[in-house]
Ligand code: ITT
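What follows is a single chain, given as structure tokens, in the form predicted on its own.
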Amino acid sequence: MRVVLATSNKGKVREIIELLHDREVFPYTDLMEGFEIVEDGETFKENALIKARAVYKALGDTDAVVIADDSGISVDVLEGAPGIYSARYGGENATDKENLHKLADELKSLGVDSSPAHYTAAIAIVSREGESCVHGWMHGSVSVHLRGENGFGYDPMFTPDGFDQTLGELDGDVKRGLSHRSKALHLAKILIDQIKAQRS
């Protein structure tokens, strides 16, 4: 049973493959030409399901289990922004660095150095058995003082609760233990195993 990732984001692909290391996992772009998926949902769950459905349909492989992640950061002082727009906060084709600096600039424009914030990860699973979605969260704070080169996205500005280092500074193993995506993937693995058991 192949698990296919409905993403071409290298950071996400690397993280998900590491977390699902005991399964046969492929980014969908290893199996077909990449294509644009319009993410017009209003929640992380809706966008994750949109991506998973689109790749499952395009694959034409009813044995595949497609998983899609939609995730982002929500900052309290910005009333939950950037939220579902985290990946394109700095513009439609913004880089991680552009998004990061846009968020730092927004905080500075409000005259604040930091704010409580949290990450959300929604992971959709689409297979011939049906559709489901699970979530994971990580709480902490963001700061305009960027630190660390590890990870991707907003990691250099986010400090998890209980730590004094940003995700950009923390060791990879520590980060995986805290990660919103890790928490959601733990639940997704349970559902994937249930699908596998049903088929055997």
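Computed from a prediction, not measured in an experiment: that's the story for all the values here. So that there is no doubt, residue numbering starts at 1 and follows the sequence shown.
Another form, the form predicted in complex with the named molecule, is not on view; read the next lines as being about it.
**Student:** Quick one: in the predicted complex, does every one of S74, G80 and S143 get a heavy atom within 4.5 Å of the named molecule?
**Tutor:** No, because S74, G80 and S143 lack any heavy atom that approaches the named molecule to within 4.5 Å in the predicted complex.
**Student:** Taking heavy atoms and a 4.5 Å cut-off, does D96 contact the named molecule in the predicted complex?
**Tutor:** Yes, D96 is a contact residue.
**Student:** Using the partner position in the predicted complex, report whether G153 sits within 4.5 Å of the named molecule, counting heavy atoms only.
**Tutor:** Yes, G153 is a contact residue.
**Student:** Could you tell me if E39 has a non-hydrogen atom within 4.5 Å of the named molecule in the predicted complex?
**Tutor:** Yes, E39 sits close enough to the named molecule in the predicted complex that at least one of its heavy atoms falls within 4.5 Å.
**Student:** Given that the partner is absent here, does S86 sit within 4.5 Å of the named molecule in the predicted complex, heavy atoms only?
**Tutor:** Yes.
**Student:** Hey, which residues along 156-190 are within 4.5 angstroms of the named molecule in the predicted complex, non-hydrogen atoms only?
**Tutor:** Result: K175, H180, R181.
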